[in-house]
Each structure stands twice: as structure tokens, then as C-alpha cells.
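Okay, so here's just one chain, in C-alpha cells, the form predicted alone.
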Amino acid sequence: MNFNFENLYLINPTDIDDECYIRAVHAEKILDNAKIFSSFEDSIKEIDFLIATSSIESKKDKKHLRNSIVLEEFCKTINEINGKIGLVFGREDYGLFNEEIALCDIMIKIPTSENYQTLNLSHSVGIVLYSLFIKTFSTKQKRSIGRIEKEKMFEKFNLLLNKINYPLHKKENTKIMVRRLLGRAIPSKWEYHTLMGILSKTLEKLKK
């Protein structure tokens, strides 16, 4: 509430009891309106752009799952994203699972000392929300695509990989790479339709 965020989604939480309300102080409204989900997949159905958060990143460019961008760099592009944005925070003890991160468009990281990289969950949330708040969310520079359009593009790309007999052992990592690439690029509607046209024409040619 300090930073004008109102929508809280919780997945299999513990009971929202009196202690939660005491700690919330004057932000009880957010707890009252929190949406509860039984699975991560259910919680993201109406979210257009998903941002994973983690302190554990890949040190190799070819390992795309945990390739992250620094929070400050992501904040510079936040105004280009259209639709519902979901900030995904993991569990206090062991963060997000790999399969949850794989469903996100990008992963961001808060720079910390190499000596001790992990932040408490509440601190991570506070830093991320503050960093986004000071960017004001004011101007939309371009109309970007939503989740439905992205999934259609991923379906086409998957069909293309199948058509060219792309090596099975590389396929999953490559699909994640493309998701991360599009997440960083934040393509506009025009760019989306151009890319979809190219993919469709390529698939038609391969059929012939």
C-alpha cells in the first residue's frame, strides 16, 4: 500500500489470522481483497506479463532458465509493458521452483554482495515495489502484446521446432530462451503480427 499496489495473489497460504492483520496495520484492505489460489498455474491465467524474482541466477549464457536482468534495468522498460503485470515472489525458505520460473517472461535480480546474496522475502518485495513506484508508470510508449498473443507465438515456435526435427535434449532450454528473449524485448502489436507472419509462412513452406 505504501507504493500504490493493491492486488495480492496468494498460493496455498497459511491462514490469514489476527497476527497478519496486526502486522498489516492500516493495510488491512489488501488482506481482505487478497485472492487465494491452489496452484501457480491458476493464479497466472489472467496475467499478461510475469516477472520472476530470485537471488539464484545462472552463470552461463546457455542456461536460460535463470538468466536474470538487474532490477534497475527492468524498471527502465516497465512503461513499455501493456496489460496486467504479475510480480512473482517465492517462498521465504527456498524461493521459486524451476517450473514456476519457466512460466515467467523474465527474471529480475536485486544486486547484493557475493558474500550474502539472499534477502528476506519482505525486504525483496519492498525494494522491488519501491523501485517500480519511483518510475511512476506514467507514459505508455507502445502497445505491447498480452499473454494470449505470446502463447500463440510460442505455439507457432514449438511447431517450427518440431518441423525441423530440433534436437529433443535442447528443445526445452531453447523454448525458455525464446520466452526470455521476448520478455526482454517487449514486442509491440505490430512486431508481434510481423513475427507471426514470418513463422506462419515458414511453416507453410516446410509443409510443401
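Residue numbers here begin at 1 and follow the sequence given. Computed from a prediction, not measured in an experiment: that's the story for all the values here.
Keep in mind that the form predicted in complex with a further copy of the same chain is not shown, yet the notes after this line are about it.
Contact annotation for the candidate site: 31, 35 and 86 all lie away from a further copy of the same chain in the predicted bound form (no heavy atom within 4.5 Å).
a further copy of the same chain in the predicted bound form comes within 4.5 Å of no heavy atom belonging to residue 148.
A residue is said to contact a partner when one of its heavy atoms sits within 4.5 Å of a partner heavy atom; residue 122 meets this definition for a further copy of the same chain in the predicted bound form. When contacts are judged by a 4.5 Å heavy atom cut-off, residue 99 does not count as touching a further copy of the same chain in the predicted bound form. In the predicted bound form, a further copy of the same chain lies within 4.5 Å of some heavy atom of residue 164. In the predicted bound form, a further copy of the same chain lies within 4.5 angstroms of at least one heavy atom of each of the following residues of 97 to 124: 110, 111, 112, 113, 115, 116, 117, 118, 119, 122, 123, in sequence order.
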